[in-house]
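This document starts with one chain, in the form predicted alone, laid out as C-alpha cells.
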C-alpha cells in the first residue's frame, strides 16, 4: 500500500514539475527575446527604454520597457514568479521521494562510497545549501560585481568540481540529479532571493517618492540572464535519467560537463541571434563538443562489439542463474525487493523468452554500463557482467 501511494505521489509531483518547468522556461525564453527586440521608443514616451509591437493569435500587443520603474505604478502588475516557485518546490519533493526515501536503490552505491543513508542525504542537502550560499556570495560581492567574466568562470569551474566530487560519492544517476538540483536551487533562489526583492525595492522607492536605484534592476537582470543560460543544461540532466549511457559511464561527470556546455552554447546562439548580433560559431562548437563526447564515450563499447568472443561458450543455464540471483529480486511478477510491488518498467525475467526479449536492455544497463542492479544492491560481479555480455554477443540463445 505504501509503495502504491508513493508511486502515485511521484507521478503527481513529477507532472507538476514538468508543467511548471515548461511555464518557467518559456517565460525566461520569451523575456530574453523581448529584451533583445526592443526598439527606440517613439518621441514623447518619457522614461521608456524601448518599445515593441507584437502580433499573436489574431491580436496586436504593444510593450513598453521603462528604464528603471514607471513614475506611476499601475493598479495591476503581473509578476512572473510562481512558475519558478512551484518548479522548485516540486523538484525538492521529487528529490526527497526518489533519492532520499529510496536512498539504498537510487542514491547509494557501496562500491562507489560506503555511505549510510544519513550520510548520503546529508551530503546531498549540504551540496544544495552550500552551493547556493557560495554562488550568491560570489555574485553579491564587490569582487563579483567588478569582475563579471572572472566570476562566471569561477562559478563554472566550481560546478564542474561539484560534478566530479559527487560522482565519487553517489550513483551516477544521483550525482547527475544533485548537480541539476544545485543548478535548479540557484535558479529558484535567484528569483525569490534576488530578482523579486530588487523589483519590490524599486516599487517601494517610487511609492515613497524616492529615486529608485537603477543598480537593483541591473543586478536582477544579471541573475535572470544566469537563469536563462542554465535552462538547457538542467533540461539535459532531467532527460539523462532515461539514458544510462550518460550517467552510467565510468567517467559520467565528463559527459555531464561536456553536454551541459554544449547546451549553454546553443542557448548563447539563440541569445546572440535575438539580439541582432548573430554569430554562427556557438552551434558548430556545440555540435563538435557533443559528437566528440559521444564518440569518446561509445568507443569502448564499439571496440567490445567488434572483438571476437573469447573463452568458453556461455550456456543459458549460467545466464539464468545470474539473472535469478542479481535481477529477479526486482524484475519478477512478484518482486521480493523491499519497495517494489511490481517489476520496474513492467520488465520481468520470469520466463526465458522474457530474458531474451530484454537482452538489449540488459546490455545497456548491466554490461555497457553498471547502472543495474540499482546501486549494485545484489552485488553483480564483473565476471557475471562479462558472462552476460558474451552470451548476448553470441546471439542470446536460450535453447
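Residue numbers count along the first chain shown, from 1. Keep in mind the model is a prediction, meaning the values are calculated, not measured.
This protein has a second form, the form predicted in complex with a small molecule, left out of what is shown; the following refers to that one.
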Item checked: Which of 29 to 37, 66 to 74, 362 to 370, 43 to 51 lines the interface with the small molecule in the predicted bound form (heavy atom within 4.5 Å) -> 362 to 370
Item checked: is_contact(residue 173, the small molecule) in the predicted bound form, heavy atom dist at most 4.5 Å -> yes
Next item on the list: Classify residue 106 as contacting or not contacting the small molecule in the predicted bound form by the rule of any non-hydrogen atom within 4.5 angstroms, answering yes or no.
Entry: yes
Item checked: Residue contact check: residue 25 to the small molecule in the predicted bound form, 4.5 Å heavy atom -> no
Check: Can any non-hydrogen atom of residue 194 be found within 4.5 angstroms of the small molecule in the predicted bound form?
Finding: no
Checklist line | Heavy atom within 4.5 Å of the small molecule in the predicted bound form - the one residue of 164, 294, 329, 287 that qualifies | finding: 329
